[in-house]
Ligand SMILES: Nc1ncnc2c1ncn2[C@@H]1O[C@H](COP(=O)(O)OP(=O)(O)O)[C@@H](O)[C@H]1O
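Single chain ahead, written as structure tokens, the form predicted alone.
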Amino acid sequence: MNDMTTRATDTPIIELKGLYKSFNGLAVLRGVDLAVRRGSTTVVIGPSGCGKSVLLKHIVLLLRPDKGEVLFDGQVLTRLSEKELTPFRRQVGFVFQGGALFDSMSVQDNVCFPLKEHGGIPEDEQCERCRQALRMVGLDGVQQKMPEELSGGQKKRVALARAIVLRPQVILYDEPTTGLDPVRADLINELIIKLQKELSTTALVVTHDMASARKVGDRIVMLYDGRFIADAPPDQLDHADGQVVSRFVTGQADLTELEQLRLGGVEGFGDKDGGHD
């Protein structure tokens, strides 16, 4: 159990107020507002490059907004220094896209990394916390293996174990099922649900996977052109207004783009278009 006082479940644990962020003159977030209810699982969907991962990084202040505020438990984080952010960051676990394990470290050292970084925890307790975290994701016994010896799904589960080893209040997931087959992806979905229930955590999940979004989410919000354009429970998202939302949810390409493909020829094939991901 963490040392922060548990408040009413309807009190937002995370609040984003009027977030703006640009990179080299390109606006990525354009006044984003979001309140995340304690104990809930909120899923953020949206097209590639729309700023979903940027949004997650603002929550833990890995990126700072050009304008706007980030609040955790009612405290404004954007006014704090890096040192002052340390106690807050202990309350947030981050599952990076692809897992982001350290290849040169064993599974145990990867999972214990946050414990060593924050300090003050004896080594025997670190080992026990590692064992407990790995057991929760069904991997107790792989402590001495190296990441290269693990499957893609196992790497994701080790990353989950690392995210929960500090026993956080909030877990942020950046594309947790990317690169996995449907069976392994569903296992990760089940783990997200399990951890939310058994650890009483709040989860914020960024994903392109609509099957995953519908399964794990209490609420789905869609980021598009720097703003949220949809906010609904999973069973109501199909009825959300707007063709952009409808096409994304159903996986349908834009009719104009399809027509351009049909009319396009082979001339110019291979030419550089100067675009960016």
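The first residue of the sequence shown is number 1, and the count goes up from there. Bear in mind the structure is a predicted one, so any value in this text is a computation, not a measurement.
One more form of this protein should be noted, the form predicted in complex with the named molecule, which is absent from this view; the next part is about it.
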query	finding
Which of 242 to 250, 32 to 40, 51 to 59, 226 to 234 sits within 4.5 Å of the named molecule in the model of the complex, heavy atom basis	51 to 59
A213: touches the named molecule in the model of the complex, heavy atom cutoff 4.5 angstroms	no
V28 within 4.5 Å of the named molecule in the model of the complex, heavy atoms	yes
